[in-house]
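Before any questions on how it binds or moves, here is one chain, the form predicted alone, in structure tokens.
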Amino acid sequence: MSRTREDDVEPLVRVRGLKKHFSLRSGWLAWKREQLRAVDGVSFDLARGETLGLVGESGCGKSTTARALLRLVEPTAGEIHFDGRDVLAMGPRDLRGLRQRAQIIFQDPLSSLNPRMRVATTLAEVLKVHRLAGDATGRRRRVRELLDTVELSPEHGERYPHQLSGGQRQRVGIARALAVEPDLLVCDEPVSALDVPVRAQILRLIRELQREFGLTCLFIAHDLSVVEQISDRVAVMYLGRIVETAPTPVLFRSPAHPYTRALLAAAPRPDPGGRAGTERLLLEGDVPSPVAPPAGCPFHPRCPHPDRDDECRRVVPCLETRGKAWRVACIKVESPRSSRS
């Protein structure tokens, strides 16, 4: 595993109070305006060389957070700093530079690749746009190097995306991201559509590339086993907010937030007694709508905590430090469970 957040005084990425709200129209003739709070006050740091796993149920705002981070969607509010620079103050030229240093790998590589272009042409086009690898001869040489890096042969470069398997297409997506030699790699559910054996191969490849090139990674997934394999630190999201962050071994050994504990309890594992604090917890009801989130703690309507009370319905908990490298957004959690054991 790579370094943790404390090893760097100045993180590569610093996010504070990030919000992304979408305006909706409803009612007869769409006269009524509503706000969908996809991301509602997210804060985190990402150290150089670190892999941060961002996990949560579908619809909790993980992908929107990633897109807002790169300004693929414009944030509603908040602060984003990349290598000390204010991302939200960047003009078009600076944004092009940011997107060369920060690349994203999408969940569905087929929809993100041009179906009319061969793989080698796609990779060469990226190099040409960013004026990398010199002339056409240099670009062809670099394309072969990129294919080899992601364990594809030159023959794969002559194929169209539909002629590749899902795992091969994702390798092409990784090669395209690496073509510009980025510092930050945002992986948005990159293995969720793959079979288990192929998923393991892609995860191994990402880990090896992260170590070889010193990449900083934001790895988004809903599969807890995937996050556990690849992340140095984990941030758990619920209804547009981060509710807990901790180093990966600590969080999986003894989760503090009731939502984290419920997620881990629901995840299948070969050794049911191998993790502390993952007793069977049943969540009440469904995930509230981000259009009309509950007052107070957004998790309180479903919370299985035995001490849940009226205060949970009134107070919006902040993400506060409750132990070394451990932050929890719950007024009923006094300290990490491991510190009490």
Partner chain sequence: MVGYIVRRLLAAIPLVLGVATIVFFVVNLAPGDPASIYSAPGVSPQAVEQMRQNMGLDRPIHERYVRWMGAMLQGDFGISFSRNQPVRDVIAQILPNTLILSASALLLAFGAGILIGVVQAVRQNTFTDGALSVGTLFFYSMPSFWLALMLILIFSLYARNVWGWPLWLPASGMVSVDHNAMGPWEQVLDRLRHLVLPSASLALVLAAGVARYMRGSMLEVIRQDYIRTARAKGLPERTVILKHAVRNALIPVVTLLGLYLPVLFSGTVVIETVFAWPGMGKLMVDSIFQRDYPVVMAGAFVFAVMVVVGNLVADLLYAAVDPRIRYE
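Numbering follows the first chain given and starts at 1. This one's a predicted model, so the numbers in the text were calculated from it and none came from an experiment.
The following text describes the form predicted together with the partner chain, which does not appear among the structures shown.
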(request) Please name which of the stretches 139-147, 195-203, 91-99, 237-245 has residues with heavy atoms lying within 4.5 Å of the partner chain in the model of the complex. (result) 91-99
(message) Exactly one residue in 231, 122, 216, 254 has a non-hydrogen atom within 4.5 Å of the partner chain in the model of the complex; which is it?
(response) 122
(request) Counting non-hydrogen atoms within 4.5 angstroms of the partner chain in the model of the complex, say which of 264, 104, 133, 175 makes the cut. (result) 104
(request) Look at the candidate spot formed by 42, 48 and 207 and say whether the partner chain comes within 4.5 Å of a heavy atom in all three of them in the model of the complex. (result) no
(request) Examine residue 112 and determine whether its closest non-hydrogen atom to the partner chain in the model of the complex is within 4.5 angstroms. (result) yes
(message) Using a 4.5 angstroms cut-off on non-hydrogen atoms, would residue 305 count as touching the partner chain in the model of the complex?
(response) no
(request) Answer with yes or no whether residue 117 is in contact with the partner chain in the model of the complex, where contact means some heavy atom within 4.5 Å. (result) yes
(request) Report yes if any heavy atom of residue 77 sits within 4.5 Å of a heavy atom of the partner chain in the model of the complex; otherwise report no. (result) no
